[in-house]
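The chain that follows stands alone, in the form predicted alone, written as structure tokens.
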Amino acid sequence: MLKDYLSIRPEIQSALSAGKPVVALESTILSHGMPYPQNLDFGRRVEKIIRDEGAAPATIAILDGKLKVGLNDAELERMCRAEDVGKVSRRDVPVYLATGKAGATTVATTMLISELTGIRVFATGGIGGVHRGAETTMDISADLQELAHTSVTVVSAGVKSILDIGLTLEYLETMGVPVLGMRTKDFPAFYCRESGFKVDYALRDEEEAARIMKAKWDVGMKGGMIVANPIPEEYAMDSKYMNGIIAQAVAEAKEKGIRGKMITPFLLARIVELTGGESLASNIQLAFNNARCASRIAVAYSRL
């Protein structure tokens, strides 16, 4: 029974029961995306941003055989220290539940748990997608399949720049996932505001995003949506510069034989090194920006 594996923090349960806005947050960004203690400061600040916007933050993880929806301060610190904390995608969930291992949830797993608990909006940094060279490696993130089948709206700064953005968008089109730009026609590329690709539809505001969500699910169309929210201009990085950095990091990963679920943490960490920490600062700011946007969408959706 689901209730045997689900642990919802009282604050989140009260908000869900009352129909109030809740925004889900992943934990992989904490355990595998940022160093300690910057990640702990980030985790606390992003939750405060969501509360300040009128929604309840629900950081999600797997701890002690439970799907944890909302973390207390001790649990948040545990995830940030990342001692024996694995990276959990959909296929790993039963193993971590049965063994009691600590797991940080990816985009796919956070979506899965959000839908189980009735959370409709999720803020992240950037989603996974089709990796460069996937035509031979078949390395495609489980995030894309989750978006096709799980009815949660994901607010992100596009997809991670380390991916093949064009193929990722083609895959999403095939799977029927709407890709909406928040006040932009250009699909953002994580650290950069533009990727050279376009979104399906440019949103006027967060209220319009909420109306589209309602229309999609009201007519029985299952699956999620992407709200692509560009990084603020003052924190954006030059695309030519970043493409060079990413190419170097990808080449190093290939040389070292790094693949599968370990490639993204490796590439993001190496990019931080190669940019002298500038990319980490941008990552933090785009995630804050996405949390604000997601909170406003959640508030608007709760009113419909």
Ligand code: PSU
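Residue indices: 1-based, along the sequence shown. From a predicted model like this one, the values you see are computed outputs, not experimental measurements.
If you look for the form predicted together with the ligand, you will not find it shown, but the lines that follow are about it.
Here the chain is shown alone; which of Leu76, Leu167, Ala102, Ala142 has a heavy atom within 4.5 Å of the ligand in the predicted bound form?
By the 4.5 Å heavy-atom cutoff, the listed residue in contact is Ala142.
Tell me, out of Ile127, Ala189, Met111, Ala123, which residue has a non-hydrogen atom within 4.5 angstroms of the ligand in the predicted bound form.
It is Ile127.
Sort through 25 to 33, 60 to 68, 245 to 253, 40 to 48 and report the only stretch with a non-hydrogen atom within 4.5 Å of the ligand in the predicted bound form.
Only one stretch passes the 4.5 Å heavy-atom test: 25 to 33.
Partner contact for Ile119 in the predicted bound form: the ligand, 4.5 angstroms, heavy atom:
No, Ile119 sits far enough from the ligand in the predicted bound form that none of its heavy atoms falls within 4.5 Å.
Residue-level contact is defined here as any heavy atom of the residue lying within 4.5 Å of the ligand in the predicted bound form; does Lys87 satisfy this criterion?
Yes.
Interface membership of Thr264, the ligand in the predicted bound form, 4.5 Å heavy atom rule
Contact check for Thr264: yes, within 4.5 Å of the ligand in the predicted bound form.
Close approach of Val107 to the ligand in the predicted bound form, 4.5 Å, heavy atom
Close contact exists here: in the predicted bound form, Val107 approaches the ligand to within 4.5 Å, heavy atoms only.
Taking only heavy atoms into account, state which residues of 268 to 283 are within 4.5 Å of the ligand in the predicted bound form, ordered by sequence.
Read in sequence order, the lone residue that approaches the ligand (within 4.5 Å, in the predicted bound form) is Leu268.
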